[in-house]
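Quick setup: one chain, the form predicted on its own, written in structure tokens, and binding and motion questions come after.
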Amino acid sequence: MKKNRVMIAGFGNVGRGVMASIRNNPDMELVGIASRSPERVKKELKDAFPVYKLSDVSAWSREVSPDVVILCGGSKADLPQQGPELCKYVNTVDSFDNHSRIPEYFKAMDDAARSSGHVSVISTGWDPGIFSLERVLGNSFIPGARAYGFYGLGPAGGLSMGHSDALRTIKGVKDARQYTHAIPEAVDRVRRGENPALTPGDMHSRECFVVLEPGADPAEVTKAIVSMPGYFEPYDTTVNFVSQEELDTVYKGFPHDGVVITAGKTGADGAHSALAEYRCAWGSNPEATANVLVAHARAVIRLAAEGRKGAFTILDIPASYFSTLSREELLKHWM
């Protein structure tokens, strides 16, 4: 089996998950890592892989010649800058997850990738990504019904990497975790087929656990959090200040879960109820995102081999492009 040459750009929790996922995909080969902190990565990995400075993309893209680079930076500050720049040199895939800004991010990536002749798959993971596809399918198969995504269904909620990363960009925040909680009454209304018009704040609340930098003002940090557009402003947001030890011991791990629900009616007179649900439950949110990214990296390589260029999302890609199986195997075993 021909090995696809993959690089990782950004080596945090998602980057580590991508490295583990590549080991589990026999057609993938990790050929290098690009980081803003190459010395930290070299020390952590003990020189197991070549490590480059992220900003030296013109040099390492020529030296390594990867088939695809998986971008593992954060959506708040990293990807809006890194994505359009890196896709000038290489094919990319990323998990940009600020839903409200996806149209403008898509345009920036599409313009850069088209002008350079590369392929960039954006905003993939389990949401946006898998859940985006399920929303489109649910709305298509039950016409007129809204498709809803709910996250953090259990009492502990689910840890959001993107929102946790956004918290850590705030001045005065040393470290942080953010847990999303689905509002049970909203879930029940959707399952009953009411098809309600719900705002984001009607569907979820957010709970933040924050470690402050020495001397930081808790009131100022709280104000910055609850007013952050696209992340916390529309929601009932609770901010809890904790010690680093408490964050590392009580709020450790990265569990998350969610469900897409579409409910409505079928038949000319709407006599029959219809309900479609798609559920994900992940013991590790970053590893879940990483596995979806690696499958999309395979799709990037196939699109590029066809001479395609520009930006794509999961909505634009045939499902067979994600799989290692041949068309014949897919038809025989999975249809």
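For every residue, the number given is its place in the sequence shown, counted from 1. For clarity, a rigid core is taken as the largest C-alpha set superposing within 1.5 Å between two forms. Note that the structure is a prediction, hence the values are computed from the model and not measured.
Only in words, not in the display: the form predicted in complex with a further copy of the same chain, which the text now covers.
Peer 1: Going by heavy atoms within 4.5 Å, which of 171-179, 141-149, 83-91, 221-229 lines up against a further copy of the same chain in the model of the complex?
Peer 2: Of the options given, it is 141-149.
Peer 1: Can you work out whether a further copy of the same chain is within 4.5 angstroms of a heavy atom in all three of A276, T313 and L330 in the model of the complex?
Peer 2: Contact check passed for all of A276, T313 and L330.
Peer 1: Taking 4.5 angstroms as the cut-off for heavy atoms, does A295 touch a further copy of the same chain in the model of the complex?
Peer 2: Yes, A295 lies within 4.5 Å of a further copy of the same chain in the model of the complex.
Peer 1: At the 4.5 Å heavy atom threshold, is R62 in contact with a further copy of the same chain in the model of the complex?
Peer 2: Contact with a further copy of the same chain, no.
Peer 1: I'd like to check something about A156: if you look in the model of the complex, is any of its heavy atoms closer than or equal to 4.5 Å to a heavy atom of a further copy of the same chain?
Peer 2: No, A156 sits far enough from a further copy of the same chain in the model of the complex that none of its heavy atoms falls within 4.5 Å.
Peer 1: Is R189 part of the interface with a further copy of the same chain in the model of the complex - any heavy atom within 4.5 Å?
Peer 2: It does not: once a further copy of the same chain is placed as it appears in the model of the complex, R189 has no heavy atom within 4.5 Å of it.
Peer 1: Looking at A108, L212, I130, L247 here, can you tell me which has any non-hydrogen atom within 4.5 angstroms of a further copy of the same chain in the model of the complex?
Peer 2: By the 4.5 Å criterion, the partner-contacting residue is I130.
Peer 1: Out of V239, A216, I183, L137, which one falls within 4.5 Å of a further copy of the same chain in the model of the complex, going by heavy atoms?
Peer 2: Answer to the contact question: L137.
Peer 1: For G154, decide whether the Cα shift between the shown form and the other one is 2 Å or greater, given a superposition on the rigid core.
Peer 2: After core superposition, the C-alpha of G154 moves 2 Å or more between the shown form and the other one.
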